[in-house]
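Single chain ahead, by itself, as structure tokens, in the form predicted on its own.
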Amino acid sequence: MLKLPQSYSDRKHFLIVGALVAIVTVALGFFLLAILPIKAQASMQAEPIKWLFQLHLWLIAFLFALVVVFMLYALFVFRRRKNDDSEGEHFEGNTALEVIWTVVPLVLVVIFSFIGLRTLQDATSGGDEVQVKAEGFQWSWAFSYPNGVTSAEMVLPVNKPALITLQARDVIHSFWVAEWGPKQDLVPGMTTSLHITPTKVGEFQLKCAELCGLSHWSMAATVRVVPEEEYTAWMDAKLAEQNLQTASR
């Protein structure tokens, strides 16, 4: 029987494994995107966050395939055959391969760190026009505007940059409107902030994304994004209502 050169056999195995890794990566990547739908699409900040999240899913699919396919291929192809009691072939480490699997992950970490920092920078850019303070407490939300208007719901004009100042009265909470993308913690004794530009009119739900106690599940509030003229009318009505209440005391 003609015995193939070891180098040719090695290349053949690597080509097969490489093809299997590519196939599994694509299949798993689309599977993850299908079962993990991203709702973030209703703010200017949502698109880069959505893209970064999808990029991470593809990286996860590739790393999973790289490890699992190599492992299963080795277990199946190089398993000990029946009645084979011979010793396995001795081989030394591969310096080039060790350098590659050390350097490549390091490069990927640096690249993803850079992309993450750029995405965070874009999501926290200034140019704010609308300001509102959101206070979280067990287990509800309260909103107030610079002109003194307070409300149990948050109302913002569409396509206008907004600065949401966040404060916690008791324990750590987290401000998250899934359709907007970013979320931000509220830390007792600190003031944090979230920059957002809503791009879709509609009614959304604000949820606390940090386990904060017994009724954490019910800590939600309504967020309405409306046309600018409707926002102005709502603000005038709330201001007149509060002035009337103050005058009647």
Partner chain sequence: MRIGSLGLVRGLVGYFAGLIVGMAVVVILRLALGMSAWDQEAVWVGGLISAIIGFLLGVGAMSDWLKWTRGIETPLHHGPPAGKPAWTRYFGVDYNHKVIGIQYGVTGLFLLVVGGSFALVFRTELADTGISFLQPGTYNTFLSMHAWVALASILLGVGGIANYLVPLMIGAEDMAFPRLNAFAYWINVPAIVTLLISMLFGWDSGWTAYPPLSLLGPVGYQMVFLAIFTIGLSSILGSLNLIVTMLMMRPKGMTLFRMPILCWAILATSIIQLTATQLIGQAFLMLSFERSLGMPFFKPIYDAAGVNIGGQPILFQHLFWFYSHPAVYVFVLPGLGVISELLPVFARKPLFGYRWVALSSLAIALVGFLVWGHHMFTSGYQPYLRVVFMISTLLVAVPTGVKFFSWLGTLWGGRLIFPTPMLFTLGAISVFLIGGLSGPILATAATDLFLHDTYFVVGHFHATIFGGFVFPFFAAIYYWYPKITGRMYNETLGKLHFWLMTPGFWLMSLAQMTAGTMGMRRRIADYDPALGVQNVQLLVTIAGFVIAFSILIMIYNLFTSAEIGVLAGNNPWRSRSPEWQIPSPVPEHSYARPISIVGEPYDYGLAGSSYVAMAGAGDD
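Residue numbers count along the first chain shown, from 1. Since the structure is predicted, the reported quantities are computational estimates derived from the model, not experimental observations. Superpose the two forms; the largest set of C-alphas matching within 1.5 Å is the rigid core.
Although not depicted, the form predicted together with the partner chain is the subject of the following passage.
J.: Which of these residues, 142, 172, 149, 158, gets a heavy atom within 4.5 Å of the partner chain in the predicted bound form?
T.: Spelling it out, the residue with a heavy atom inside the cut-off is 172.
J.: Sort through 26, 44, 57, 201 and report the residue having a heavy atom within 4.5 Å of the partner chain in the predicted bound form.
T.: Here the answer is residue option 57.
J.: Closest heavy atom of residue 223 to the partner chain in the predicted bound form, within 4.5 Å or not?
T.: Output for residue 223 is no: heavy atoms all beyond 4.5 Å of the partner chain.
J.: With the partner left out here, check for me: in the predicted bound form, does some heavy atom of residue 196 sit within 4.5 Å of the partner chain?
T.: Flag for residue 196 set to no.
J.: Residue-level question: is residue 120 within 4.5 Å of the partner chain in the predicted bound form, judged on heavy atoms?
T.: Within the cut-off, so yes.
J.: Is residue 163 close enough to the partner chain in the predicted bound form to count, meaning some heavy atom within 4.5 Å?
T.: Residue 163: no, not in contact with the partner chain in the predicted bound form.
J.: Which residues, if any, of 97 to 117 lie within 4.5 Å of the partner chain in the predicted bound form when only heavy atoms count?
T.: The stretch touches the partner through 97, 98, 99, 101, 102, 105, 106, 109, 112, 113, 116, 117.
J.: Once everything's superposed on the core, is residue 52 shifted 2 Å or more at the Cα between the shown form and the other one?
T.: The answer is no; the displacement is under 2 Å.
J.: Classify residue 170 as shifted (yes) or not shifted (no) between the shown form and the other one, where shifted means its C-alpha moves by 2 Å or more with the rigid core superposed.
T.: Yes: residue 170 shifts by at least 2 Å between the shown form and the other one.
J.: Please say whether, between the shown form and the other one, the C-alpha of residue 34 moves by 2 Å or more once the core is aligned.
T.: Moves: no, less than 2 Å.
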